[in-house]
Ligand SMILES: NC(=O)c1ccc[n+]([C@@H]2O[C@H](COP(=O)([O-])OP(=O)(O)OC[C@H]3O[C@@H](n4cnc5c(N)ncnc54)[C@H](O)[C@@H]3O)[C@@H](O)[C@H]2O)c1
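Okay, here we've got a single chain as structure tokens, the form predicted on its own, with questions on binding and movement later.
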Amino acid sequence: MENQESKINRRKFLEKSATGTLAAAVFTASSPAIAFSSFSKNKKRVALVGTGSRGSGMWGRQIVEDYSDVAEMVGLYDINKKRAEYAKTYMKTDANIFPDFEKMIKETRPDYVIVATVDSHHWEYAVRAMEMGCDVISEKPVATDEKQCQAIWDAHKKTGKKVIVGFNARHNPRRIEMKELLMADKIGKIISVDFLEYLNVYHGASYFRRWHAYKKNSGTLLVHKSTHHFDQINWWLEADPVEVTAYGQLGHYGKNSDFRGEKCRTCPHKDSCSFYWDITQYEHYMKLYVNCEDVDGYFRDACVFRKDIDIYDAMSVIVKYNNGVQLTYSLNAFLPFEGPAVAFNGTEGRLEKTFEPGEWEKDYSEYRLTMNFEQPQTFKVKRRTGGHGGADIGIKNMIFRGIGDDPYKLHADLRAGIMSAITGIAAYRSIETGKPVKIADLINLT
């Protein structure tokens, strides 16, 4: 139970530590009550590329069900036609399925093209959509290598079209809380940041069952997963990374087993393998993936111990920022518990989002503020309902209903998407070469 003497009164804290103007702005736009204005009197026409789980769910069915007053789904495209056919039914949409991406754009003339394909193809659909006159909503990451980053940036500059990146994590109340407290400037000048990401043997292992397990598809978890975290740090600090040094290994999954199979359904070791996952218990996954395997050969329940897996399951990264801050980041994908721990170390104290095993079962997160020469003060932030702790609702409200005041700078544009992706790209380049990598050597955003 929380010590009463250690509770922090957030209103008094912010009133003490910020100007009156900033304090007022922070409290009148608290996370669940960000003001949204009417986005447009006309519905936005939306076409979806990639009808897998994220595409057909967060960017498909949820838009059809919850945003039909402001958005109209006009077209679906997937390289696996059977998957697109099931997705159409699942999404409850009348949108036509197209056999060709460019044909879909020409015939439906969407305002937005949502790109939710395998990561390594995000850039090419985004570039072509911009060239054909559309704005883009891209799932993160926008790209998986430096050449892709440059290509999408150059297309944006040439066409003048915009790219919104799906950093839903910014919209999570717990992340906004951290942003709010950093804006109050309580801990003085920030010197360094610690960010630890723990993925458990359920969630973490899932990446090694899927297409993410190959660098050519995902750019490793340093790009697919860590771009969320690098974006949050960039956003919290309002700074750009300039140099990255990293280490990584595949120490648990992949080749690190005495036995393996092709996929869980047919594995002879299913009775003894702790990582056996029975996809047949999930009707939606059976229809979305298993029933479509004959088209593309993709197994959603592939063995986590496949010998050709080439991404890392343990990663350590040091990032230098243009404001002098140093980030120490780690990601491990095989732990008995899950959650993030992040702390900002300043000249006047330390602000941290604490972590303890099992905290995801609670309806709140706990933060701690420790000023130099003082006792720690703790407070709790309630979770919000909805996907990813309410974050999915937040980002879609911003995109489709329009955003009024944005004191937290929740909007993530293409530059933000590239700066987060390029941090992960620089990290795996550092692992490959054994040397520090300068961001300026990878990308030119002028």
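Nothing here was measured: the structure is a model prediction, and the numbers come from that model. Throughout, we count residues from 1 along the sequence that is shown.
Separately, the form predicted together with the named molecule exists; it is not shown, and the next lines address it.
Let me know the one among 228, 156, 306, 171 whose heavy atoms come within 4.5 Å of the named molecule in the predicted complex, would you?
If I apply the 4.5 Å criterion carefully, the residue I get is 228.
Among 112, 98, 289, 123, which has any heavy atom within 4.5 Å of the named molecule in the predicted complex?
Of the listed residues, the single hit is 289.
For the three residues 206, 252 and 332, verify that every one has a non-hydrogen atom within 4.5 Å of the named molecule in the predicted complex; reply yes or no.
Heavy-atom distance to the named molecule in the predicted complex: none of the three under 4.5 Å.
Looking at the partner-bound form in the predicted complex, is residue 211 within 4.5 Å of the named molecule by any heavy atom?
Residue 211 belongs to the contact set for the named molecule.
Using a 4.5 angstroms cut-off on non-hydrogen atoms, would residue 54 count as touching the named molecule in the predicted complex?
Residue 54 belongs to the contact set for the named molecule.
Is residue 301 close to the named molecule in the predicted complex, meaning a heavy atom pair under 4.5 Å apart or at it?
Close contact is absent here: in the predicted complex, residue 301 is far from the named molecule, nothing within 4.5 Å, heavy atoms only.
Is it the case that residue 412, even though its partner is missing from this view, gets within 4.5 Å of the named molecule in the predicted complex, heavy atoms only?
So residue 412 does not count as contacting the named molecule.
Only one of 74 to 82, 272 to 280, 233 to 241, 173 to 181 has heavy atoms within 4.5 Å of the named molecule in the predicted complex; I'd like to know which.
Stretch 74 to 82 is the one.
Taking heavy atoms and a 4.5 Å limit, what residues of 113 to 136 are near the named molecule in the predicted complex?
Contacting residues: 116, 117, 118, 119, 121, 122, 125.
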